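So this one's two forms of a single chain, laid out as structure tokens and tagged structure 1 and structure 2.
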Structure 1
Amino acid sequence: MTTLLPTTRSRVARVLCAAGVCLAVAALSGCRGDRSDNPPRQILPDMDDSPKWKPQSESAFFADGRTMRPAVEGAVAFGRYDFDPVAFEAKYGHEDWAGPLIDSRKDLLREDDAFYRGVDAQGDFLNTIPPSVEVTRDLVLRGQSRFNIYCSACHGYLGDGRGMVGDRWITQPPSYHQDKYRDPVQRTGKDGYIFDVARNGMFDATGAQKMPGYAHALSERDAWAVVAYIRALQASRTTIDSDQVPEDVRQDLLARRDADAPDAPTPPDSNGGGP
């Protein structure tokens, strides 16, 4: 029978001793392997239990018993109290780095119904893009890129409702090249209405959603840009015959249009028998 050497024996004793201490610590610190509703023992509580009021909890301090304090009357949300967007813009201009700051402040206040909701003081949709949005070539190009990303899948790059998804959608998206979307006397022809559909989607009379809204992807500025681009798409089909187009450009466009419109029957319906 082998006997352990004295050194080995003391090493075993030390390991056992250490294991015992670990177990004791685990037991004391509440790590006993069973579940308990009691708060754990905290050997080093640090800042575990800092005094605080939880939202929605009752307060004995305030007379109305509410822990969450209502905003002071007349308070408006904004990031920096000394930030005056008008003065800031005058000083730095709407430069790349300053522009988003100025815009985000304006976006927080949302004090312009025409710009943020596309409606006038009576709540009616605006006939035209509000004056706060300057319609420039850049805006239209921005609208083109947003439209091609977010709308063309259903509405088609030409706005004729023949996008890849649109052709397979339960309801064929309408073509924008109809009077009902051009004539601002009709509700659906107003810029404010198209802005609203772009951001909030479309619902039928029963409240069922017919088109998803894109407010998550299109800021108000972008939605107005899309409206401007839809107007450009429409104009591409209507102004070619008018004197708004310089004569040489007009001849060129007419020649191209005629070349694009063969007498041959239109290509077969890619709708797969859908509506």
Structure 2
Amino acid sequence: MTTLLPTTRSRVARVLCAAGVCLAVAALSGCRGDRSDNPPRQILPDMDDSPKWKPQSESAFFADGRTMRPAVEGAVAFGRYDFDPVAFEAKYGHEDWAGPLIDSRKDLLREDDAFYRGVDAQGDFLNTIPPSVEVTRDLVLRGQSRFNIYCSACHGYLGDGRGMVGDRWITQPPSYHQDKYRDPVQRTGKDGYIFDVARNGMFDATGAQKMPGYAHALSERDAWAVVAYIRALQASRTTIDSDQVPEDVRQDLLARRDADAPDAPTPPDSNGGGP
């Protein structure tokens, strides 16, 4: 067994250290770093400056020069999440958390013209909200929320065309309480027409746009909810028999009236008697 003297070991260590430094320098020389001493210093510029395509920019890779590629003809987006809704529903049922995901897949196909376009088989606007849309209290409240956000600025919270923006127009928006918007015999009084205007806007006979469409903000379901709420606003302006109002709702309305007018006389009881 050979034993190195301390002096020899020191020399070997220095040689190995120098060799390591040389290897490190050689490795770094293989990196195409920035030639400037000013920061930032790019050790691997290919990773920092990797090629990418931005929307609406040019690319010589494609014949048409566009980076954004058009969808394949006939292709339909179907599924934002990676699960089989048919198999899932068959095994677990229409669970609350999966229900919106399953419905969103159906929405992507848009096979129901009544629901997605507001028209019948002949292409005419529907007189009433399609049967596939169940008109419930929650739907009307959803419609109220969407109407107040997107419609009230011009059409007013009461649908009378007296919104803050509408009042400043040269031509004030019409009131939804006019007969032309209530009578389904007229084209403008059909639910399908109001749905279409909410989604796609309104154009006059010359093709000039009089109202922008809100399809970017209102889904088909929300647009039908807005239609339901507009009908509720119209119904609030008509005279109805109080017997048609459920007793609990009637009592709640009477209580609210009294709260707003504490000095008013006591309303009759539920049997129609006096105070």
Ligand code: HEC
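C-alpha atoms forming the largest set that superposes within 1.5 Å between two forms make up the rigid core. This structure is a prediction, so every number in the text was calculated from the model and none was measured. By convention here, residues take numbers in order along the sequence of structure 1, the first being 1.
Two forms of the same chain here; which is the form predicted alone? It is the second structure that is the form predicted alone.
Rigid core superposition, residue 208 Cα moves 2 angstroms or more between structure 1 and structure 2: No; that C-alpha moves by less than 2 Å between structure 1 and structure 2.
For a quick test of reading the superposition: does residue 219 move by 2 Å or more at the CA between structure 1 and structure 2, rigid core aligned? No; that C-alpha moves by less than 2 Å between structure 1 and structure 2.
Taking the rigid core as the frame, how far in Å does the Cα of residue 250 move between structure 1 and structure 2? It moves 7.3 Å at the C-alpha.
After fitting the core, how far does the CA of residue 45 move between structure 1 and structure 2, in Å? A shift of 12.1 Å.
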